[in-house]
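Take a look at this single chain, the form predicted alone, given in structure tokens.
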Amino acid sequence: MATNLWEEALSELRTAVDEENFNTWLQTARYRGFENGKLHLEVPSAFNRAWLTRNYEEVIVRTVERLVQQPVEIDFHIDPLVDAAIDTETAPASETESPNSPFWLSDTALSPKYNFKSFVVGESNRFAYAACQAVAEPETEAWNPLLIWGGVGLGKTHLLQAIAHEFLARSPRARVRFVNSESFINGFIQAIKQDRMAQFREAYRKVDLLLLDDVQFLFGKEGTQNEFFHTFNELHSGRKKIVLSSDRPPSEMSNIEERLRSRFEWGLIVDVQAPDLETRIAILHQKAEMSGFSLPNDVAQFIAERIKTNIRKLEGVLTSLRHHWRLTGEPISMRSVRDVLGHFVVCDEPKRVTVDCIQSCVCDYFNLSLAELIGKERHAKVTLPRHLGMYLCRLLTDLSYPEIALHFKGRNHTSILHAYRKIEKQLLRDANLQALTNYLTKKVQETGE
């Protein structure tokens, strides 16, 4: 492979990443070779490696795969001389401290793909999109708070992250915190245990923009609601911006304190609805292009006519088609859609898929009991089935990572996310696993409720 592969990738990445982040994180990585589908890059420190892995690994992989036309993994090697000279006190605590240390700085990672340019606008989300663009301008005082509500998989998280990206692009020194409600709750609990509430409060109240995803998970948690109430008041009185997302409007938040609900109604409430057919087709074409392959018009319309209410399911279909294309080299066609996805999109009235159904199908195939599948044991017999079960739950249901975790015996959303990403990565290079995943997908769809 040509030694200028990384230079070619950088020339493409320069247009996808803002200049400051490009110069700080990407241009400092040095090319150390490419072999057996693995790109070797040397970075100055463990901090750089963690940042690149969390924020840019996906876009790097996608870019290099387009150049070499094969699945790619990245190995980040650390320059030991540079790393030893770095003063870890200059790095954020979330990067230098151990997983068991205080984590009030553990923001949810921003994905470079979730920006305003990549958001497909239609009649179902046009007003919400315009409101988010207005709030993303640091100098404006538009609508505080902004609350975006809608069903699962309709783009709320995408819009929140787009606001964060745009706000930082316009004001690079701004203090922005994007976090999901589960992380806020867990951070609050751990800060109490560690007697670090002062630090926790400062982390959330000394910001210019706070974005809280899935605020409905605060429901019923009195202590956390009280903490967020005071955080909200301090930010709002200081004219700092607050953006929230929820699966329902404030008027339907029956299990949340009235004083908090009333504050959610102070600003602007916008909803995102299920996209119409034309918007769904546009979404499919755009996301296919971002993944590096072309989707014929008849295939896009076929899929869009059958998946009507959830953008995440559209992405799930594209993921399966992408794996098929990369493993076989065959062009995407109506035949490949039917062969690969089968009942997932062929049936006009698909049965409802539940976690119970997925767990039952996985247990039957691997001859496991439910207790073994969701239990704590980590031996080889249960690891792959468990990860596959978590992957299919995310792919085939409308449940969020925290909701799926409730069905796997005490795990949290990070365990589900880890399993999903691990299986997704293995599918790129393992044809047997691809066939098994397709089989289980069809089986689950056939036995759904």
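Just so it is clear, the structure is predicted and the values come from calculations on it, not from any experiment. Numbering starts at 1 and runs along the sequence shown.
This next part talks about the form predicted in complex with ligand ADP, which is not shown.
With the partner removed from view, the residue among Ile303, Leu154, Val353, Ala136 that has a non-hydrogen atom within 4.5 Å of ligand ADP in the predicted bound form turns out to be Leu154. For the candidate set Ala288, Val120, Leu327, Leu260, a heavy atom within 4.5 Å of ligand ADP in the predicted bound form is found for exactly one residue, namely Val120. Heavy atoms within 4.5 Å of ligand ADP in the predicted bound form map, among the stretches 368-376, 228-236, 188-196, 310-318, onto 310-318 alone. Proximity of His158 to ligand ADP in the predicted bound form: non-hydrogen atoms within 4.5 Å are present. The shortest heavy atom separation between Asn125 and ligand ADP in the predicted bound form is within 4.5 Å. Put simply, Ala203 is far from ligand ADP in the predicted bound form: not one heavy atom of it is within 4.5 Å.
Heavy atoms of Trp143 never reach within 4.5 Å of ligand ADP in the predicted bound form, leaving it off the interface.
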